[in-house]
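Have a look below at one chain only, the form predicted on its own, in structure tokens format.
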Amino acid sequence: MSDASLAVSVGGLRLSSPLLTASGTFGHDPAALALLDPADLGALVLKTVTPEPRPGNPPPRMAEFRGGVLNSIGLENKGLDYWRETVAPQLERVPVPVVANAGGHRIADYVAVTTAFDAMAGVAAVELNLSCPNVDGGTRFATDPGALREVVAACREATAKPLWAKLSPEVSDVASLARAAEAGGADALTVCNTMRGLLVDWRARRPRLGGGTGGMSGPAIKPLALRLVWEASRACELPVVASGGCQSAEDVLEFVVAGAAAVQIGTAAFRRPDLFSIVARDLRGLLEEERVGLEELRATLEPSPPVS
């Protein structure tokens, strides 16, 4: 199969590959892409930007465990003004579409960042981080369908660019949140963000992270992410970008069968920044071996038959 066999359409973007970076895992530096063939990476999803600079949470901010990583970065960033002056000029040289990520505490925060992104030529789409578990009140918009619809609708008015809503795993009914994002005018969903967890140093009788709890990512959350992708994709017409525990071509295809149009890889790329090219190569091989295309596989998961 040719490279074009991996091409997908997601929320207003045509991408050469279904593989995307996950927000917060590749930073803002386009130089990190030097390890990759642009045909292997569908889009570069950037770290969250807030209107004002944020110092982030106290260290230590990351800790590994057997199933992945716990992080408590706290949306550390230098703010919108710095981003506009220093980062944005570099984005037009990035060889793949750039999805900028907007964060905040209030609707006005999201609108301000989205409005700024709308004016930047190097930004192809905007992802709304509505579900960060590492800041106070960080999940409010992603747990209340009414609030989620309101912030998405406000940002929809602020940009003509594709708008993606990143949802939280810490909900009892992701379907209602997916429909709220669709009603607000989102073009795609990202499912899902990290999930709050706790690691403990029992000798010190203290949490292993300076912020106490943190966002859990890595292979341990893949079953949860698969379920949420499946439920969200069945609940609305929006394409779903899966995020949570993907580290291989087999994982990608599991998410596609569950309903995903594309898949973000984050934690696994910490150890292997060139993982996207490895997964893309393996993905082409599996599709050729099975003589099937991504669109043919998408959302083909069937419920298990009832036990007689």
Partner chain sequence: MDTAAPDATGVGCRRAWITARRDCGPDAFVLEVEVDDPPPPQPPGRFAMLSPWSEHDLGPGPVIPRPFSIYQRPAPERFTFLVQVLGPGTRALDALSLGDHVALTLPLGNGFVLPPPERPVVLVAGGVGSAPFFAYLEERRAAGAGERTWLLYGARSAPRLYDLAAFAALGTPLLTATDEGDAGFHGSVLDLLATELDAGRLPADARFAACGPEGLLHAFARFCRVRGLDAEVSLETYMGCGFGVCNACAVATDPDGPLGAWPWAKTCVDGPVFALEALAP
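Positions refer to the first chain, counted from 1. This is a predicted model, so every value here is computed, not measured.
As for the form predicted in complex with its partner chain, it is not shown, yet the points below apply to it.
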Inset, instruction - Scan 69, 49, 252, 258 and let me know which has any heavy atom within 4.5 Å of its partner chain in the predicted complex. - result: 69
Inset, instruction - Name the residue from 76, 150, 144, 187 that puts a heavy atom within 4.5 Å of its partner chain in the predicted complex. - result: 76
Inset, instruction - Find out whether any non-hydrogen atom of residue 58 is located within 4.5 angstroms of its partner chain in the predicted complex, and reply yes or no. - result: yes
Inset, instruction - Would you check, heavy atoms only and a 4.5 Å threshold, whether residue 39 touches its partner chain in the predicted complex? - result: no
Inset, instruction - Indicate whether residue 43 is a 4.5 Å heavy atom neighbour of its partner chain in the predicted complex. - result: no
Legend entry - Partner proximity in the predicted complex: residue 210 to its partner chain, non-hydrogen atom cutoff 4.5 Å: no
Inset, instruction - Note that its partner chain is not shown here; using its position in the predicted complex, name the residues of 215-252 with a heavy atom within 4.5 Å of it, in sequence order. - result: 219, 247, 248
